[in-house]
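Coming up is one lone chain in C-alpha cells, specifically the form predicted alone.
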Amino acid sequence: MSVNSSWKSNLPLYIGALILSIIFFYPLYVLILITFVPAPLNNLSPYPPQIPPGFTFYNIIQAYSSLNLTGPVTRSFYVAMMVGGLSLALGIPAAYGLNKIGVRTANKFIIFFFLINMMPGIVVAIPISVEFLKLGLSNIYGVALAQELVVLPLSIFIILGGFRALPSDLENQARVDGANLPTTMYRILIPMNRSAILVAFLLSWMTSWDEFTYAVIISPVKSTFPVQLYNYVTRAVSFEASAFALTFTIPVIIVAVVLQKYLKSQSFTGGLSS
C-alpha cells in the first residue's frame, strides 16, 4: 500500500483526532487568553477575544501580589500526595489479592468498586461528609480520605492489569528460591509492575489536585486550591484567578507529558482481561 493511499484511508481518523484535540485544548487556550490579554480589552465583550488584541503580564503580577493562594496550593499538594500514596498502599495489596482469585470473580469485584463512581459525586459526598464532620475530620485528612474513595477503584484496576501482565512463573520461581511474600513483592513484583503503579499514582494525584466537591463540603474554611480559586472567581477577580490557575496548570501538564510513556494501553485494559 502506498503512502498516499494509507494517508487517505486514515484521513477520518486524523480529522477525528484533530477535533478532539481542539475540544480538549480550547479551555486551556481560553485560560491563556484571559491571563495575558489586558483586562480592559477582555471586558469589551462577554467572551474573551479569540485573537489576542494585546499582551500583558499584569494579571500574573497582580495575582501573586494580591491573592493569598499559597496556603491553598500547599494544602492541595499535601492532599494530593496523601491520596496518591494511600492509593498505592491500599491498591497494591488489593490488586495482588484480586490477581490470585478467579478472573471472573475478580472482575465482579472491580465492577462493584466502580459503582461509587457511577453515581453523581454530590450524592455520595453529602452523607460521607456528614460522618467525617462527626469524627472531626473537617480538615485536609478528611478531604484526602474522601477523595480516596474516588481514585482507589481506578488504582486497583490499573495495578491489577499490571499484575496480570506478569508471568505467573516469576513468583513461583521466587518461592522455590526461598523468597517469602514480602521479599517477592518488594524485589520482583513491584519493580516489574512499576509502570502501572506509576500510572495509578499519577492519575490519583491529578484527580485529587483538581477535585472540588469533597473539598468544598468537608473543609470549606481551610480550603484547597480549586475551592479557593472558585471563591476568587465568584468575587469578580477572575483575571487574577485565571492567571494563578494557569501558572499551576502548566506544571501538571508538563509532568503528564514527561510521564506519558508510562501510559500504556495495558495499564487500562488488563484489569478486565478474560
Partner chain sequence: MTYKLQLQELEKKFGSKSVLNRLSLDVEEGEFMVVLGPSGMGKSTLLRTVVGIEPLDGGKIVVDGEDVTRLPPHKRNIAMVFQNYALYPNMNVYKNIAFPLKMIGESRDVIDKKVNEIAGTLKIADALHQNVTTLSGGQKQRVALARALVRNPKLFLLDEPLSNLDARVRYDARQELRKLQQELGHTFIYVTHDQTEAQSLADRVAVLHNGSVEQIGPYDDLYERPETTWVGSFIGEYPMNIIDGSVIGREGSQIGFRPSWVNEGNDGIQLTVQLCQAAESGFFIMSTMDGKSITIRVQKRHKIGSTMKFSLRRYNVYTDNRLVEEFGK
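Residue numbers count along the first chain shown, from 1. The structure displayed is predicted, hence computed values, not measured ones.
Not on display, but discussed next: the form predicted together with its partner chain.
In the predicted bound form, at least one heavy atom of P191 sits within 4.5 Å of its partner chain.
In the predicted bound form, its partner chain stays beyond 4.5 Å of every heavy atom belonging to G136. Put simply, A174 is close to its partner chain in the predicted bound form: some heavy atom of it is within 4.5 Å.
Its partner chain in the predicted bound form is approached by A179, whose closest heavy atom lies within 4.5 angstroms of it.
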